[in-house]
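One chain is shown next in structure tokens, namely the form predicted alone.
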């Protein structure tokens, strides 16, 4: 199996880039210069219906040159790793910044590029496993997913990313970050006549090693996926009425992402994204005042959880990443804005100025955005519900341009009657408005219901950037939510 480590990438690309020498070789008169080098290998292994579908590794390597001139930043990226090419990129970035300064809306200083020195390393137990071992696990998992004649298609996937980022600047920043991203993906599609249902496990992306593909654990999960998909074929349709809603932590992933994360990105609130990804219902004057949710709602920005997908030591401005409360006791405190947005808005933010690759400029992005655990057990949550529904795993989503009105569909649901889970129903959906929904938060699960998830495909920005995002949450209970059935 070809999984490229940082050492093997360096071997393929030749001599190790000396960023200090590259910075010293730049011949422009700028207020500040930064170099961000990114080397990344992405390996895909996909089995669909017992047939290999993908078996490849993609390499990517380049440098973003960033300069500050007359209060404006200019960017220019290159995958030519020669010192002359990097110097030319700096000259192009200088020209871009100089031209932009004629139309400045806000002048920056190098204070938004703090000096940082250090290292970050993803945790992992196994860096590599042999090709035949991984492929055996994927093939066997595909067999388990197809464990019923009613399963018409099954997919087993492994996505492994080995990434190294090095940063250096004229004000003394010098840090490196090494990431090991692992994303398993499993799905079974069942059919009976004109009824089609699916169950999946695709959002458990994390920072870890190949221990994630330990065969016994994978096969156990796939057995459940197959069983649930078949069970849904004969399940009753989800009822349509208002009732209490219990959301599994894997659906809370999307709920947090869409109705909190994107709504609180400060560049979006300032209007930077309105022509592409939309605006936000949140206003600058809401910070410190808006009752976003009930008193038991506590949301943190936390890029310090080792295994979570978007953990890191520093953002791409050089700001050290620390855990911060975004919403505490239901009140909105901070925005998801890096140092540039913090200066523009005068709103407290976080270290979330991030780019998806070497050829993109950083913008405000979610990282690890989590709902802190409460003190209710799963049994206590279920037993408190007289009439309700328990939903798992997102299937569909829709939210307006202001991240306010939304409707989400889930793969799997179970009715709750008189404090007991009674029967499975299919095609469950719910709809609400962001702040009324979060103010209906009635119970928050304890640490036993808490789990960590991640997605590699959060899109934003022009040109578009698909960035890695992490979310962690316990199981939660919301009161009197509009529920409806339908595919």
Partner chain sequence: MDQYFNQLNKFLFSLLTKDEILNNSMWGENSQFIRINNSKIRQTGIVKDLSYSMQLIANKKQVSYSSTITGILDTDQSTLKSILNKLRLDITQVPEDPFIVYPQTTNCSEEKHKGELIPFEDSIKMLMPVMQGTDLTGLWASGLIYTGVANSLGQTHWFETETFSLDYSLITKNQKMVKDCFAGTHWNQKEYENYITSSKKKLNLMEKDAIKIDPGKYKTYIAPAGVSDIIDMFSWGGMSEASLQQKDSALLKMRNENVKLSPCFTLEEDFSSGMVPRFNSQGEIAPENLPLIMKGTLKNTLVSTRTEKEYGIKTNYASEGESLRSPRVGLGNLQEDQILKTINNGVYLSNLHYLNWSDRLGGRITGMTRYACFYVENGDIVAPIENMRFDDTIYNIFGDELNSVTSFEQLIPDVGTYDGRNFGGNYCPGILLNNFSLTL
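Positions refer to the first chain, counted from 1. What you see is a predicted model; the values in this text were computed from it and never measured.
Although not depicted, the form predicted in complex with the partner chain is the subject of the following passage.
Student: Spell out, yes or no, whether the shortest heavy atom distance between residue 448 and the partner chain in the model of the complex is within 4.5 Å.
Tutor: Looking in the model of the complex, residue contacts with the partner chain do not include residue 448, since no heavy atom lies within 4.5 Å.
Student: Using a 4.5 angstroms cut-off on non-hydrogen atoms, would residue 48 count as touching the partner chain in the model of the complex?
Tutor: Within the cut-off, so yes.
Student: Tell me, yes or no, whether residue 351 is in contact with the partner chain in the model of the complex, where a contact means a heavy atom of each within 4.5 Å.
Tutor: No, residue 351 sits far enough from the partner chain in the model of the complex that none of its heavy atoms falls within 4.5 Å.
Student: Although the partner chain is absent from this view, report whether residue 261 comes within 4.5 Å of it in the model of the complex, heavy atoms only.
Tutor: So residue 261 does not count as contacting the partner chain.
Student: Quick one: 144, 316 and 392 and the partner chain in the model of the complex, is every residue within 4.5 Å by at least one heavy atom?
Tutor: Answer is no for this spot.
Student: Using a 4.5 Å heavy atom cut-off, which residue among 209, 330, 185, 278 comes into contact with the partner chain in the model of the complex?
Tutor: Only one listed residue qualifies here, and that residue is 278.
Student: Exactly one of 76, 287, 167, 312 has a non-hydrogen atom within 4.5 Å of the partner chain in the model of the complex; which residue is it?
Tutor: Exactly one listed residue reaches within 4.5 Å, namely 76.
Student: Using a 4.5 Å heavy atom cut-off, which stretch among 378-386, 117-125, 394-402, 301-309 contacts the partner chain in the model of the complex?
Tutor: The contacting stretch here is 394-402.
Student: Can you name the residues of 333-370 that have a heavy atom within 4.5 Å of the partner chain in the model of the complex?
Tutor: Stretch hits, in order: 340, 344, 353, 358, 359, 360, 361, 362, 363.
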